[in-house]
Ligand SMILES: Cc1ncc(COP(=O)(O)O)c(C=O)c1O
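Given next, in structure tokens, is a single chain: the form predicted on its own.
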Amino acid sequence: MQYVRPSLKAEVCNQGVFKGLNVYSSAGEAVLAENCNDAVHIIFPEKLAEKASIFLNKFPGDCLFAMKSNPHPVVLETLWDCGLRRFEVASLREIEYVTSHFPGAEIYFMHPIKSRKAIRFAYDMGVRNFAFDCLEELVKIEEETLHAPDLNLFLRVRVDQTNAAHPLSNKFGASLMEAPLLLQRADANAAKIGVTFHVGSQCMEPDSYVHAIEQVALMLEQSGVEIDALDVGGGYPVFYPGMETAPLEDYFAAIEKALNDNGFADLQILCEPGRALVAESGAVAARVEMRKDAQLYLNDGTYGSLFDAGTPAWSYPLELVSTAGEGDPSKGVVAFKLFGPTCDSLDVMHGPFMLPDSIEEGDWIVFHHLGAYGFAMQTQFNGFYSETAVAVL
């Protein structure tokens, strides 16, 4: 099925509103016009639609949106308008939101460890796709669904993640040695059986997916189980300073070739993009509250939208919005250390963040490519958080 990217500007009414958000022509215009005391979340709907079109039209299978990366209602509604109909969820609340706002959506409960109450709730709400990575979780699913005969069960396996900027292998996933027996056990009662893996967040090499698919193929030979679906997970990268990435199409081509080479061409193939789908469609603007030499104190930090800037200390494309004009370009660029607004000394981002030396109190720093894990991860610690979001078209 081919999805056509809608003309999002056509949805903007005469008052300059997009899905309830004020609309501006640039990030700089937005932060100055909003005059907000908190950080400002900025959504670029057309960039989001462009990325959705790439995944929906060019990935060799079906696309699930990893909802955890950005559950903002406008992001979800825009993806739905673009034709995305499948959501990967991790919690009861995410299931509740999708079922209440997007009737007909296909939900995949792919968190490997779930509460019994969440399993029961999910099944009662029509969810039939569940992941597990150990016998104990499989038993929980079977018991809480009363041994339902219509379950689609996905075994999460652990694969090599050496090419990921942020490996995820230590927490979830059955080993490839354990997997055959677990698949055999699940296959005895499941309506459909599948395998899922994750090569790690911000995977820098397309061949990582090839190696993972080859590992799964070898494991399946040992298990004797014929699966119905293969979920190749997320991990597709986004450009950040210092991280050069190949085009998404290179990843898709490598995956498709590996699927064909290993006899998986006739299976249902799934992917779970989060960061790669939404990162470039969002930004966060934080105001400078104080400058102390090469240290800047902001109204947002690691307890807010900038967790990834502190841990795991990633860089972002930065834009300075000066409240006093363009500043003095002759002063050049300085390496800054950033602090968030809370009382906690852990609320720090070491960087270095390269910004004009003319920066001063009241200026705004726009952190681009923060549409993933920015809005989603902010807390309300110390009363610092932002509910202000705008659209830029």
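All values derive from a computational prediction rather than experimental measurement. Each residue number is its position in the shown sequence, starting from 1.
The same protein also exists as the form predicted together with the ligand; that form is not shown, yet it is the one meant from here on.
For the candidate spot formed by E88, R156 and Q202, every residue has a non-hydrogen atom within 4.5 angstroms of the ligand in the model of the complex. Contact with the ligand in the model of the complex, defined as any heavy atom within 4.5 Å, is confined among 235 to 243, 282 to 290, 75 to 83, 137 to 145 to 235 to 243. Shown without its partner, this chain lists K47, K337, K58, K68 as candidates; in the model of the complex, only K68 has a non-hydrogen atom within 4.5 angstroms of the ligand.
Just one of Y24, F18, Y373, F384 comes within 4.5 Å of the ligand in the model of the complex, counting any heavy atom, and that one is Y373. Interface membership of R275, defined by any non-hydrogen atom within 4.5 Å of the ligand in the model of the complex, is confirmed.
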